[in-house]
Ligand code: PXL
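So this first bit is one chain, no partners, the form predicted on its own, shown in structure tokens.
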Amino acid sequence: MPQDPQDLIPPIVMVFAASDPSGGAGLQADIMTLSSMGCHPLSVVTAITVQDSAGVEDALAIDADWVSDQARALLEDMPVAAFKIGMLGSVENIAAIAEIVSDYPEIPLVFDPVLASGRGDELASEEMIFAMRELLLPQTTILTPNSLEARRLAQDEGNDDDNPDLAECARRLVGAGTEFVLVTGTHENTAQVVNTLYGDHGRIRADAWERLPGSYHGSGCTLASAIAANLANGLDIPEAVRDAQDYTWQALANAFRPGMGQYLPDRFFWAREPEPEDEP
């Protein structure tokens, strides 16, 4: 009996993110990661950027009505198994996306809060951070900040002396509405990179990874999209997080440096033919 064509459709993940013409981060990183992990990506452009492998020079937010229309047209046409949110571009875009995802509360949402580039270029204003806390965190299944982003998102407004540790940051972010928080330790001064998953009862798991040399463009996008792919494929949160970290570490371990800036993760590391060994 021939297979039903519907059974051949891969899980579909909708991504809201900015375009990165370097292919290192943003929508391009999301598309490659999701495709590599067996999903079909739908891409909703929130901003266009001028950037290379070294950093972001400029960004132009897409009109919020255009963001909404892109998503609504796709959601009326195809079944989505997961949402992934990256760089948002404006307060108006945050409000538009929050309204869209509120209509699909059963679909898991992975939120990678892009606040700055790897070089430190600011990509989110304080008004945008406030809107993220108020409108998106209460709808988020899993938030994936690095330690710098976690501290900034969790900081007590108006208290410049507030300096919570990462466990307290996670507690506050869960209190703000997200179900789970995966705080990544790339920016911490530790021998290994330790990524810690928190839920409403505190720490769920901590995974330590060899700290690789070099600086990487798009590692956070890769990790968040890998988690979204795993959720779309039916994994539960702890398993999705663990497998996504392994995929991301492998992509970074096989990274390449095509330009004069950071290394780019190889999201298709598994498809490269190994180098032939030298003859004795």
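A residue's number is simply how far along the shown sequence it sits, counting from 1. Keep in mind that what you see is a predicted model, and the values were worked out from it rather than measured.
Keep in mind that the form predicted in complex with the ligand is missing from the display, and what follows is about it.
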Within 4.5 Å of the ligand in the predicted complex, heavy atom basis, the matching stretch of 244 to 252, 61 to 69, 215 to 223, 33 to 41 is 215 to 223
(Q) Residue-level contact is defined here as any heavy atom of the residue lying within 4.5 Å of the ligand in the predicted complex; does M14 satisfy this criterion? (A) no
query: Heavy atom to heavy atom, is L264 within 4.5 Å of the ligand in the predicted complex?
result: no
(Q) Contact with the ligand in the predicted complex for V114, defined as at least one heavy atom pair within 4.5 Å: yes or no? (A) yes
Even though the ligand is not shown here, does M87 get within 4.5 Å of it in the predicted complex, heavy atoms only?
-> yes
In sequence order, the residues of 33 to 56 that place a heavy atom within 4.5 Å of the ligand in the predicted complex are T49, Q51, V56
